[in-house]
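Single chain ahead, by itself, as structure tokens, in the form predicted on its own.
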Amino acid sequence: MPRTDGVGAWLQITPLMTVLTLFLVVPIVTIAVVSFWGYNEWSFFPDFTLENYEYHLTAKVTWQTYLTTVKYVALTWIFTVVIGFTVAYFLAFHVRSLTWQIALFLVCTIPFWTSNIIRMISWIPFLGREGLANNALIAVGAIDKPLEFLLFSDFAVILAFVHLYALFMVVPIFNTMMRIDKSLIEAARDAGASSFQTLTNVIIPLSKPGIMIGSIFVVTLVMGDFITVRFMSGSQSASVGRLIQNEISLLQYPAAAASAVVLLITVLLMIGIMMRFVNIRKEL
């Protein structure tokens, strides 16, 4: 009987293993293999060379690009955590009605019913030199001339990232907070804890799994993004994803593959470090 159960278990996971192998493992292995190939101005060919990795890891522009990308990741993470935690806290502990919780949560998802590119580009007429933001500030007398940093700058890139990915932080944190036993909060209050002490000693520690899950989403998405940086910075800034895109556009596929492998390893290391602080398996 145990042997039959074992065969049945393997048969059950075979479809999933097949899908993951074909659409995850095989592409990653292919990229890793191509990263060791050689290339010239008009073609690339099978080979085994470390020149792609050597150039990628020793070029000054690569390190500058990674520093810029990490800066985007850090700032986006900070703002999305603050926004995500605040929204999730309000929905979980201040909205008593389940109906209103669902309704307000759906309101948060409305912007995500459209394309990421459309939501990103919608900031351009708002932040431009003659955009709504500058015109409103001039009209109320807050400024004398248009603010140049609002568009085609790091500010615009971070703003777009936060807008695009804030919900990825709201959802897991809200899901975690809804699982918190309300009796723990009541016990803390009965013990004389203030609202701030309850927040810092009960709610935040119990919300860490959700924060980490949201952080994984945000870090992964920002690290691999290239289109947002291109449009919102006016092509004045670069990211690792943009670097890979440029190599692909120049038909330097082995170099792009090497860059992708390094990026994948970097993201996996960042996720591994985050997972050491919280056991998110309990949340999953």
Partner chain sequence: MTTNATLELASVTKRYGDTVAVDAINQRINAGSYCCLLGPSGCGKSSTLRMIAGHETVSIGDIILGGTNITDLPPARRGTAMMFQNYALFPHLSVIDNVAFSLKMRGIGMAERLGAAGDLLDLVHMTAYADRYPNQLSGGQQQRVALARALITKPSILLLDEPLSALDPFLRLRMRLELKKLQRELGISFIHVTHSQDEALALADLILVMNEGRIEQDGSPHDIFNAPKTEFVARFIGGHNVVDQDGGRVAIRADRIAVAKRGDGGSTLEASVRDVEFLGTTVNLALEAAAGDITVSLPDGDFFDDPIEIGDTVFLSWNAADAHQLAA
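Since the structure is predicted, the reported quantities are computational estimates derived from the model, not experimental observations. Residue numbers count along the first chain shown, from 1.
Keep in mind that the form predicted together with the partner chain is missing from the display, and what follows is about it.
Q: Establish, in the predicted bound form, whether D181, L184 and A187 all lie within 4.5 Å of the partner chain, using non-hydrogen atoms for the distance.
A: Every residue of the spot touches the partner chain in the predicted bound form.
Q: Counting only non-hydrogen atoms, which stretch in 128 to 136, 114 to 122, 159 to 167, 201 to 209 is within 4.5 Å of the partner chain in the predicted bound form?
A: Going through the listed ranges, the match is 201 to 209.
Q: Just checking whether A193 would be counted as a contact of the partner chain in the predicted bound form - the rule being heavy atoms within 4.5 angstroms.
A: Answer yes; at least one heavy atom of A193 falls within 4.5 Å of the partner chain in the predicted bound form.
Q: Consider Q197 of the chain shown here, and say whether it contacts the partner chain in the predicted bound form, taking contact as heavy atoms within 4.5 Å.
A: Q197: contacts the partner chain in the predicted bound form.
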